[in-house]
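So this first bit is one chain, no partners, the form predicted on its own, shown in C-alpha cells.
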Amino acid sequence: MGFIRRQWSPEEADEWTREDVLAWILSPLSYALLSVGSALSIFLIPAGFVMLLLGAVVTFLLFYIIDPKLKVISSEYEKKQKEYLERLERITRWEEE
C-alpha cells in the first residue's frame, strides 16, 4: 500500500489528506457492515457472516490508515498539555510562596 502514508509530522498530520478521506468513507462502512453482519449472524444467516468478516477487514484497514496520524496528533497534544501543566504549576507555586 504505497499510496497510504505512514509517517507524519504533527503539522502534516493536522492537515486534511487523502488518508482522512479514506477514513471518512471506511468508518461508516465498517460500522454498517459490523452492525448488520452481527444482527444477521445471530439468526445464522450466511450473508451475515460474510458481512461480519468484511466489516472486520474494513475496520482493520481503517485502523491501518488513520492510526499513524492519530498517534502523532495525540503525542503532540500530550506534549503541549504537559508544558501547560508545568507552566501552571510554576505559576501556582509562585502565588503560594
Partner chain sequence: MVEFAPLDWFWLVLFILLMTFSGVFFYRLGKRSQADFFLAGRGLPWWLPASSVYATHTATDTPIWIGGVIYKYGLAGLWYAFFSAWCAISAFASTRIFRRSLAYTQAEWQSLRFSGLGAELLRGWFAGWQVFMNMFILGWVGIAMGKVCHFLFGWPLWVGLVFFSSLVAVYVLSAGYWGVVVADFQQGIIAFFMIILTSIWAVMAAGGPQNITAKIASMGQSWRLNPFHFTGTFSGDFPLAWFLTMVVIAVLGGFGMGTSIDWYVEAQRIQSARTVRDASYSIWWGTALVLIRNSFWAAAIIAFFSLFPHLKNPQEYEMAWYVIGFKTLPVGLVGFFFASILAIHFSTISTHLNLGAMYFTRDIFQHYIKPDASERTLVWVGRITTLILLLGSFFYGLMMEELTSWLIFALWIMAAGIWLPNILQVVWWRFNSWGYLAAWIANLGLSWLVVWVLPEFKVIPSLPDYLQFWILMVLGALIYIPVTLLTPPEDMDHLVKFYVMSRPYGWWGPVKKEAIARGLIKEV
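Residue numbers count along the first chain shown, from 1. Between two forms, the rigid core is the largest collection of C-alphas that superpose within 1.5 Å. What you see is a predicted model; the values in this text were computed from it and never measured.
As for the form predicted together with the partner chain, it is not shown, yet the points below apply to it.
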Next item on the list: May I ask you to check whether K79 falls inside a 4.5 Å heavy atom distance of the partner chain in the predicted bound form?
Entry: no
Notebook entry, point to check: Looking in the predicted bound form, any heavy atom of A32 within 4.5 Å of the partner chain?
Noted result: yes
Next item on the list: Give a yes or no for L44: in the predicted bound form, does one of its heavy atoms lie within 4.5 Å of a heavy atom belonging to the partner chain?
Entry: yes
Next item on the list: Would you please decide whether R18 lies within 4.5 angstroms of the partner chain in the predicted bound form, comparing each non-hydrogen atom pair?
Entry: no
Check: Can you tell me which residues in 72 to 88 come within 4.5 angstroms of the partner chain in the predicted bound form, by heavy atoms?
Finding: I73, S74, Y77, E78, Q81, Y84, L85, R87, L88
Checklist line | Y84 C-alpha moves between the shown form and the other one by 2 Å or more, core aligned | finding: yes
